[in-house]
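Next comes just one chain, in C-alpha cells: the form predicted alone.
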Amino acid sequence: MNCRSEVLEVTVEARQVEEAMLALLHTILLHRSTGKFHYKKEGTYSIGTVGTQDIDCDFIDFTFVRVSSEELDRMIRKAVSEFKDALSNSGSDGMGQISLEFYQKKKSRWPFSDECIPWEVWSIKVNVVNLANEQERQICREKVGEKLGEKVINVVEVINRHEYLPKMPTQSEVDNVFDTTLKDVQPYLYKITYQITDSLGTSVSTTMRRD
C-alpha cells in the first residue's frame, strides 16, 4: 500500500503555536472521523451523526471548525501542548514538525504484535519568529489567519480527491481501522508524532499513539 504524504508549513510567533496546530489538526480529523457505528447484525450497521463546533482563536484572526467531541479535543490538546512546550524549551530560534499519521492494523499470529500500516501522513512544519513590538504582532495575527485559511482550503482539496481510504470494516474488524474508544465520534486510527530541532541543530522525536 502506498502511504499518501502531505506537508504544510506555517510561520508563527510563540504564543500562536498552540492555536495554529489545533486549527490544522482538528481540520484534518474533522474529515477523517465518522459517527459511531451501530451494528444490527454482521454486515448491517448505521452511522451516528458527528457534531461540529466553531472555535475562535485568541492570538490569530481565525475561526476553525472541529468535531464536537471533548474527548478527542482533550487528546489533541495534550499532544499539541507537549509539542509547544518542547518547542519553547529548544531555544528562541527552534524549529519543529508535528505529524498526524493515519494507519490500519493488520492482525498477526501469536506471539507477534499487530502490524500498523500507515496510509496517510500529514506533517506540519513550524517556524517560530520573535517580534519586536505590538504593531508587528498585530500584522502577524492577521497574516497567520490568512495563511491558516489557505492551509485549511488545501487540506479540504487534498481530502476530497478520490484516493485510498481503508474499506469499511466488518464488525469484527472495526478496531483495525477506527479508534472506537471515544463515546461520541470514531476517527480513523491515528498517532501524533513531533520532532524538534533546537538552535544547535539537534533533533528530538516523540511519538504519541492512540491504539
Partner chain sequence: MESDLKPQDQKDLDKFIKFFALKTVQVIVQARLGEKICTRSSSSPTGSDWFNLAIKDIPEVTHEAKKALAGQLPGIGRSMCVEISLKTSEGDSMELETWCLEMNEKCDKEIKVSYAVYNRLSVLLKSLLAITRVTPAYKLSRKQGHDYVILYRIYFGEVQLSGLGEGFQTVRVGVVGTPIGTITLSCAYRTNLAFMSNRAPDEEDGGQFAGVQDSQEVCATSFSTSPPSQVLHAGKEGGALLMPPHGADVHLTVEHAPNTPSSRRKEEGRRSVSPSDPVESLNAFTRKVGAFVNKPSTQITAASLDLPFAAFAPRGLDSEENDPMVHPPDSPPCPSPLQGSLHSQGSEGSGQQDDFVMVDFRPAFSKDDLLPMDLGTFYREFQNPPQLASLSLHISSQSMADDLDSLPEKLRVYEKNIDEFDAFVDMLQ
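Numbering follows the first chain given and starts at 1. As the structure is a prediction and not an experimental result, all values here were calculated from the model.
The form predicted together with its partner chain is left out here; the points below concern that form.
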>> Just checking whether Asp85 would be counted as a contact of its partner chain in the model of the complex - the rule being heavy atoms within 4.5 angstroms.
In response: yes
> Might Thr52 be said to contact its partner chain in the model of the complex, defining contact as any heavy atom within 4.5 Å?
Replying inline: yes
> Is there a heavy atom of Thr63 no more than 4.5 Å from a heavy atom of its partner chain in the model of the complex?
Replying inline: yes
> Is Ser68 close to its partner chain in the model of the complex, meaning a heavy atom pair under 4.5 Å apart or at it?
Replying inline: yes
> Across 135-165, which residues bring a heavy atom to within 4.5 Å of its partner chain in the model of the complex?
Replying inline: Gln135, Gln138, Glu146, Gly149, Val152, Ile153, Val156, Ile159, Asn160, His162
